[in-house]
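Next up: just one chain, as structure tokens, the form predicted alone.
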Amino acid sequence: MTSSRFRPSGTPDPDATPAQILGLDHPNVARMYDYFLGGAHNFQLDRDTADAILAVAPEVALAARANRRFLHRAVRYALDRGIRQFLDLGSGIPTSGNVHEIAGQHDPSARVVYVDADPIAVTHATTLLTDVPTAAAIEADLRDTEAVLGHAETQRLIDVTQPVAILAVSVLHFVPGDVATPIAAYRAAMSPGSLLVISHASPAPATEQTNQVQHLYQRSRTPLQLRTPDEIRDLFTGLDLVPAQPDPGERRRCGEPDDNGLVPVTAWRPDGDPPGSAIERSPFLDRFLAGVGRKPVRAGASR
């Protein structure tokens, strides 16, 4: 999941080489993520960097899988609350358990738009969706909210006057600079009852391991852009953060502190997921935070 160089017009850089346009001159974090998940849509330069990361921190692959499970749980949570349309920002390379597959199992009429700035990811997704009229993939930078929301396929499949789940899962920490402004624009476009789903890496205490991983990610065009928990929480401004545990009262009865809705990806409504002690001890999971925010329904509104 990644965003490449931002060009608001959507036109290619006239000075870019074919390799640069296709993202083949540097390792690509979306293709590395695919590799961590066991996918086949990656190239040797992606695998070389991913293997170098795994040599330093083998739990990074476990973290990728844990993040994918969080995405699945969040999609099911949205479906259980009647949401039938999804906008997946920075969707990356198609792999098993895509959003439209999970949603379609629950309701075949559920609609999904995948958004990515990587033309290879979009090409793969478009091929995958050839016979799926309820889903589409568009090439756009997630920061260009007008291009995303105004795209013909988005207009065809997403009705923003009805609740929608906007997914920004494991993507914003690869987006440089200001992400608060575009996320605020998506929040403003959401109708009451909509959900914003985010997972985002935050800084861990500096160690030789974490420093080496960050250095290796610098090889890509989208190096890690870590943000603090407060910065991540601010992305949900104006939304009600969904408790990470279904019954906060039970936590109080057991003498555990209430969560604030922003927790490690493994802790958001784990739904019987195996805990995995190696993951729990890893700084790459402890500081990989997840949250789901719901846009409040106005008093007296029928939703």
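Residues carry their position along the shown sequence, with the first being 1. Since the model is a prediction, treat every value here as computed from it, not as a measurement.
What comes next is about the form predicted in complex with a small molecule, which is not displayed.
Stretch 140-148 is the answer when you ask which of 101-109, 140-148, 126-134, 189-197 has residues with heavy atoms within 4.5 Å of the small molecule in the predicted bound form.
Remark: all three candidate residues (Val29, Gly92 and Val171) come within 4.5 Å of the small molecule in the predicted bound form, counting heavy atoms only. Proximity of Ala117 to the small molecule in the predicted bound form falls within the 4.5 Å heavy atom cutoff. In the predicted bound form, Leu157 stays away from the small molecule, with no heavy atom inside 4.5 Å. Taking the partner from the other structure, the small molecule in the predicted bound form has no heavy atom within 4.5 Å of any heavy atom of Trp268.
At the 4.5 Å threshold, heavy atoms of Val175 reach the small molecule in the predicted bound form.
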